[in-house]
Structure formats: C-alpha cells, structure tokens
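One chain comes next, on its own, written out as structure tokens in the form predicted alone.
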Amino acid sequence: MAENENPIRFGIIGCAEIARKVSRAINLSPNATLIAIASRSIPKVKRFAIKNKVSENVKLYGSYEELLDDPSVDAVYMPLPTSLHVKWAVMATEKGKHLLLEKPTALDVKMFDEMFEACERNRVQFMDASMWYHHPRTVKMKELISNSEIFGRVKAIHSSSSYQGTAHFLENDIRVKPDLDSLGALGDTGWYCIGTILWTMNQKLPTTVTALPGTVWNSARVILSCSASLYWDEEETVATFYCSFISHETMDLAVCGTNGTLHVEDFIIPYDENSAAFSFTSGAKFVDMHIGWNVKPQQVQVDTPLPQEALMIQEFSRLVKGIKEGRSQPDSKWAQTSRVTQLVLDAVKNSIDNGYKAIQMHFQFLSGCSIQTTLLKTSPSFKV
C-alpha cells in the first residue's frame, strides 16, 4: 500500500504560534492530513484558521474535549502550556489518540511518567516535538561521531540555545509565567541543549549534573537564563550548556573527540529548510612552528526532501500507521529520549534550587526499555 494512502488524520489541540509551523508540516507530509483544530473558543480557532489559510474541510472545535471525542482523529499534536500537559495528554490517550507532545514534555519526570504510562496502557505512540532529531543532517552527524577511527572517543560537548526576548515576551509570554511554564528558559531552550548532549552520548545519563552560578530569574522566579555541567565517570566526558531568553540567538553544538571535532551553528532550526551544513575536522595538527594547521575543517552539506518538521510528522505517522494496521507495537525509543532529557532537566533544576550543588544521578535499567528507577541526591562536591 502506498504511503500516501489512508493518511494518519491529525487534530491540533491549542492554537499556539508553533502550531502554525506544525499544521504546515502535516500538510507537507505525504502520509498525514489535518482534519481538526481545537481551541478554548470558536472565535480563537476561527482566527487561527483564517490566518493560516486552513482548508474549509478541517473541522474547528471550541473545546479540546470535542476534538478528543471525534472518532475520525487518529493522532493529536498538543502545543499547550506545560502545566496542562498531564491532564490533556492522559485524556487524549484514554480516547485512543496517538500523542505528539510539544516540549518540554512535563514539569518533572513524575508527571512525564504519568503521561507515558497512560500511553502504554492505551497502546498509543508517544513522541515529543523536537524536530531536529528528524533532519538527515542529524543522521550524518551521528554517523561521523560514532566512527571511532575518524572521531575517536567523545571527550567534551558544548551546546547553547538562546534568543533575546522582547519586552513584551519577557512580561507576557506563557514561557515566563509560573502557573503555565514554570521551567522558563530551562524548559524551553534548555530542553534542546540537554537533548543534543544526550544524543551525542547515545542517551546515556550522566553520573553528575551541576548547575553553574549565574542563573537569572524574573520577578516571578521563572528562569530566564542558566547553564550547567554534566559529567560521565566511565567515559571521562564533560558537557556544558547555556540556555537563555536574554541573549543573542544561538543554536550551537560543538563536540570534541580524541581524533576529531564537529561544529554546527543551527542545529535546532537550520538556516535553510532545504539544506543544512556542519563543520567536521579529523586528524588536525599544528604545522611546524605552530603557524597554521595541517588540515582545514570540512563543510558537510546535507540536503533534505522535506523540512525537518514534516519529516517528524512523516516518521510519527509511519509509526502510528503500523500500530493501526496491527503490524507493530508503539515504539518506546522516543519516550526513552524524552524521559532521559526530562531527568537531566530535573537534575539541573534541583542543583539550582540547592545552591548549585552537584547532583549525583543513580539509575538502574531493569526489564524492557524503560528506565524504572532513578534517584537524585545532592553531593557536596563535583569531581572531574
């Protein structure tokens, strides 16, 4: 059966700005179609539909419950404030809707587990909407980093995600409101930084997480800017990240191995949606008298047939279709990726709240793919 036959039917719950991008991605994906959008009122969802030139065939609902009760909806994309995720995500899964959830997934891992347990119980697919994982550039970068001959062992990682919020943003956006998205910049931009570091380390949790002094809060005690260090004892690998609402736009990743280095400046949103690049160097040495280098960085260009957000929808829809047709079970890979990101995010927040003390992460992998037990405790020191 062709991929574009019987496409997965999407509903969008919430008319956040990011929903504009994802609604376009659904329309671009060959195996998905948008059939419903819901907001808390009909006027709001109608304004969204007009602004985004939504097809007249798409159903518009004035409540989230109406969309979830629609039996023709296979999957929902949910760009709601983080504080609302548990309620509506659990309700969606109980209605049999597959769940594409905007990041950060939850305010803490306990809330994440409540949602994912509901997904498992109702046999629905879970994925968070971190689009960069789905770009073919990401696959190529992983291929090079994983090549021990040309890259060696990963020793250091740095990631940053930041942008300068306007005065209106810093006063009114939901990401700076403690009752809506209390994690602030750590949950929004920090989610990407932590995600890319763990991606580099094959989703292995660090041994120690330490927030670095210099956190900036607003008057409501929501984080506007912070940074942290992660350390893996066995690999002797260190990572740092910086996330912020109050500095210039950055989306950087730098990975240093024993034999090579990789740099990318736009890992979250590529400069061009049709093609993306990164810099890669292997075997670099200084020439005689240290007046230059023996090699220059190689610019690796990776084209893509679809924007990364459409590739995300395509992959999610492929998984959902396999479940619908009885050919496969929900793939827990994406929940694992979200959960370890959530665990490290929790540890950073814990470290900040405890005066920048180191957090020792003790974890145990039991049956299946899920991380069953994770304990966090403060430590008086951080040793590298």
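Residue numbers run from 1 along the displayed sequence. All values derive from a computational prediction rather than experimental measurement.
The form predicted together with a further copy of the same chain exists for this protein as well; it is not shown, and the discussion that follows is about that form.
(request) Would you mind picking out the stretch of 73-81, 86-94, 117-125, 154-162 that comes within 4.5 angstroms of a further copy of the same chain in the predicted complex, counting non-hydrogen atoms? (result) Comparing against a further copy of the same chain in the predicted complex, the contact stretch is 154-162.
(message) Taking a further copy of the same chain as it sits in the predicted complex, is Gly292 in contact with it (heavy atom to heavy atom, 4.5 Å or less)?
(response) Contact check for Gly292: yes, within 4.5 Å of a further copy of the same chain in the predicted complex.
(message) Please determine whether Trp199 contacts a further copy of the same chain in the predicted complex, using a 4.5 Å cut-off between heavy atoms.
(response) Trp199: no, not in contact with a further copy of the same chain in the predicted complex.
(request) May I ask you to check whether Ser148 falls inside a 4.5 Å heavy atom distance of a further copy of the same chain in the predicted complex? (result) Close contact is absent here: in the predicted complex, Ser148 is far from a further copy of the same chain, nothing within 4.5 Å, heavy atoms only.
(message) Residue-level question: is Arg9 within 4.5 Å of a further copy of the same chain in the predicted complex, judged on heavy atoms?
(response) The answer is no: Arg9 has no heavy atom within 4.5 Å of a further copy of the same chain.
(request) Find the only residue in Gln203, Ser227, Ser182, Thr304 having a heavy atom within 4.5 Å of a further copy of the same chain in the predicted complex. (result) Checking each option against a further copy of the same chain in the predicted complex, the one that comes within 4.5 Å is Ser227.
(message) Is it the case in the predicted complex that Thr240, Gly260 and Ser279 each bring at least one heavy atom within 4.5 Å of a further copy of the same chain?
(response) All of them do, each having a heavy atom within 4.5 Å of the partner.
(message) Only counting heavy atoms and a 4.5 Å limit, does any residue of 210-232 reach a further copy of the same chain in the predicted complex, and if so which ones?
(response) The stretch touches the partner through Thr210, Leu212, Pro213, Gly214, Val216, Ser227, Ser229, Tyr231.
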